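One chain is shown next in structure tokens, namely the form predicted alone.
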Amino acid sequence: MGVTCVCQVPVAEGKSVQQTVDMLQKKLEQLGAIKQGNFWVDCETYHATGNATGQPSKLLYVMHNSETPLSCMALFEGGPGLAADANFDVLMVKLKSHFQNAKGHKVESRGTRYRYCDFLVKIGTVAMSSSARGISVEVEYCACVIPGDCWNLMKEFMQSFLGSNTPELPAAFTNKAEGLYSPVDCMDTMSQYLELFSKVRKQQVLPGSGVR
């Protein structure tokens, strides 16, 4: 895995979420990108129970990624985070007296994977409670793990199909003193998805947003 950028793309004016996704996919295919199956990323929210200090409880986010099907990521609000095997989900059930699942807060992004030269692109529909809330785009440059060495190239590629919606340098890149991306455990990628999902939770339900 290489340097990865995750961003939210606004729904095109006068279009539905699915129509906007179709437009982005068509642009990629016109560039010569090839479909390589599907992907999904999801996020469950837990809050601590029995907080005796009177301080607001930190939220715990448990996330899964189809790229790493045998692993899951757990991130506390504001950090830290950890990568564990899939049995972590079983552990969370056993810890239900300490962490309560926030029902109705599950967010997921599902869509199609594309390969274009050294780039892997995933365009997904972000859904919550079976309602489409937005569009996610993940772009990975597989040939590099140093953001500073490839960001201009990534930005130029994203402009070819995202246009004015091309994102700026993600905070996940700038916050790293050593300048290296964290490709092994997907933590940098998942922290970007978590930021996107947090924004989506605060949005209003989009018209015509049933997920199909």
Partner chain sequence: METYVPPLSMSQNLAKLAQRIDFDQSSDSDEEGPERESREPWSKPELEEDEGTVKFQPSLWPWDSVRNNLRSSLTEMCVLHDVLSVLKEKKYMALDPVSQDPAMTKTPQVFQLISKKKSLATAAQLLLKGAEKLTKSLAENQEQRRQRDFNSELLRLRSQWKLRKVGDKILGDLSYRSAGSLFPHHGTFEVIKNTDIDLDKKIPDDYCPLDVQIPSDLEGSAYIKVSIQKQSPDIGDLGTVNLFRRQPKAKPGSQMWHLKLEAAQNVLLCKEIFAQLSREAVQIKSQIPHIVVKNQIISQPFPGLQLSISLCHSTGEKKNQRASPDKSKPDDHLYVLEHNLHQLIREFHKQTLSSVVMPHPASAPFGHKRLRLAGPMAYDKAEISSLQQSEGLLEKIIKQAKHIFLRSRTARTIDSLASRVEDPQIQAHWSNINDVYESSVKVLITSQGYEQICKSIQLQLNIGVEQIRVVHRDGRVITLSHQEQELQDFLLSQMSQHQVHAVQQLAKVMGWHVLSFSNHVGLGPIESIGNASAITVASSNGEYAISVRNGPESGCKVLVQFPRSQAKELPRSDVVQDGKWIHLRGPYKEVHWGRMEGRNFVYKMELLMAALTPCP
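Numbering follows the first chain given and starts at 1. Computed from a prediction, not measured in an experiment: that's the story for all the values here.
From this point on, the text means the form predicted together with the partner chain, which you will not see here.
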item: Exercise: residue 70 in contact with the partner chain in the predicted complex, heavy atom 4.5 Å; value: yes
item: Touches the partner chain in the predicted complex: residue 160 (any heavy atom, 4.5 Å); value: no
item: Distance check, residue 165 to the partner chain in the predicted complex, heavy atom within 4.5 Å; value: no
item: Residue contact check: residue 186 to the partner chain in the predicted complex, 4.5 Å heavy atom; value: yes
item: Heavy atom of each of 22, 34 and 136 within 4.5 Å of the partner chain in the predicted complex; value: no
item: Stretch in contact, per heavy atom within 4.5 angstroms of the partner chain in the predicted complex, of 89-97, 127-135, 70-78, 104-112; value: 70-78
item: Contacts with the partner chain in the predicted complex - residues in 70-85 whose heavy atoms fall within 4.5 Å; value: 70, 71, 83, 84, 85
